[in-house]
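Before any questions on binding or motion, here is one chain by itself as structure tokens, the form predicted alone.
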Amino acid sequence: MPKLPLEGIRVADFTWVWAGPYCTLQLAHLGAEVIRIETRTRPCITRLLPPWPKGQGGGLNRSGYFNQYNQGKRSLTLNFKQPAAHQVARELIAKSDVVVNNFAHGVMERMGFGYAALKQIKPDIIMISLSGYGDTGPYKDYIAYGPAQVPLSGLSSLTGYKGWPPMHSGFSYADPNAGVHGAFAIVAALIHRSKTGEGQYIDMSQWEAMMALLPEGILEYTFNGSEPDRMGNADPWMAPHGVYRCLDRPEQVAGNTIDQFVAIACADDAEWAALARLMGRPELAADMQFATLRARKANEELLDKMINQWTSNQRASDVCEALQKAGVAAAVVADNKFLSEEDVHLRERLYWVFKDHAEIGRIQHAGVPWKMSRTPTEVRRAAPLIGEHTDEILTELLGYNAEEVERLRREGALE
């Protein structure tokens, strides 16, 4: 049986909400043993968020949000109001390779788990802080959540329709993006340690990781002193480039009619000619209003109107399939029913994960987005119940006996 890429690596996971757990999720996918440190006195926000399983209602172990982003991990509950909990955490860190947190700057230091303290426990420890704005600079103590960081990154100023105000990108894009960047930095630090024996501290700014995705907007200003215009679904150069209305989904979902759209992009004149033929109007390829990229861009409003007329009486999946066969980039604007039940590609690639969970049973979750030929990775277990592995970690990993565990529980250290 081949070893997993991070097999043998143990992660003390102090994270919560989204950015941090998404980081440690990638490490769990790669085979690391991730031990999530939680508390019942202040449970992670995501344990309190929907969606809930139909007919089951809420509960600390039933959140779809939490259960998606904590697959493959174990849960240890510690109440840091009790000194004994601090000792347990120090013992866990001594047996770990990586410590991850996404608290605000200074929180880990106030808890007694700053990098200087951790080096005293384990000199080659790798620690990463995925704070909102990093450990230095005038913003270092600012509170950070994704919905605030996305606008600050510049993304919202690029998002929206012409003449409209800036718009949010649809979800807290900064969080998972920070998680992926953090996991990458950790793997790099592990490689460095394997060569030198040195641990290190990684000071990561979620804000800066988000800005790394937006060079076009930033460079437009630094090169030319101008701000890019918001343009909805259009592209500065390509036309057609947009999202076009199709027939509604034929069946209702939860009593609601669902709109359907298809995304289409033509990068050159040949692709436009192929689209024109499919529309039954091959003459448009030579029409002076549409024959070149520049002409199509100048007449984009009329172009989009014609394409909408063509797509509006067809199923999105049929339009997409016909365009792809003709060599034109197109995709269904997928709703969740399409992704979960109808898309054959995801099903054939075994993307969806079905793992037994002690409270909610066997429910579909998103899985690992890569396939490795030599070191196959998979979701090894469903997300943990809160504190599910506390006794197991204390006795099997840290060497506590049953009486000592019970004493810690009586003292409230394991809440």
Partner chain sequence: MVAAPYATKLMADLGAEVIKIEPPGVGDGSRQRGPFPGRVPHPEKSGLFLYLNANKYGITLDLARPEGMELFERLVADADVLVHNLWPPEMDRIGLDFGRLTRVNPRLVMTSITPYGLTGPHRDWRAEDLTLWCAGGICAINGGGPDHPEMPPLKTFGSQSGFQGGVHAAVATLGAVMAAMRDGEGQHVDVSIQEALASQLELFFEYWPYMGLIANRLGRKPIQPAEALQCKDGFLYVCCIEEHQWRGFVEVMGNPEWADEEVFSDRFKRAQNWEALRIFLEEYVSGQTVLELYRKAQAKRVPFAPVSTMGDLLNSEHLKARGFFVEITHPVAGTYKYPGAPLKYGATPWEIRMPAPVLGQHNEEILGGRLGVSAARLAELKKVGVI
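Note that the coordinates shown come from a computational prediction; the quantities given were computed from them, not determined experimentally. Positions refer to the first chain, counted from 1.
Below, we turn to the form predicted together with its partner chain, even though it does not appear here.
Distance criterion of 4.5 Å from any heavy atom to its partner chain in the model of the complex singles out Ser156 from the list Asn299, Thr292, Gln82, Ser156. The stretch that touches its partner chain in the model of the complex, counting heavy atoms within 4.5 Å, is 261-269, out of 283-291, 92-100, 116-124, 261-269.
When contacts are judged by a 4.5 Å heavy atom cut-off, Glu348 counts as touching its partner chain in the model of the complex. Though the partner is left out of this view, Gln87 does not reach within 4.5 Å of its partner chain in the model of the complex, counting heavy atoms only. Proximity of Leu76 to its partner chain in the model of the complex: non-hydrogen atoms within 4.5 Å are absent; the residue sits far from the partner. Contact annotation: Val379 falls outside 4.5 Å of its partner chain in the model of the complex, judged by heavy atom distances.
Annotation for 116-137: interface residues with its partner chain in the model of the complex are Ile128, Tyr133, Gly134, Asp135, Thr136, Gly137 [heavy atom within 4.5 Å].
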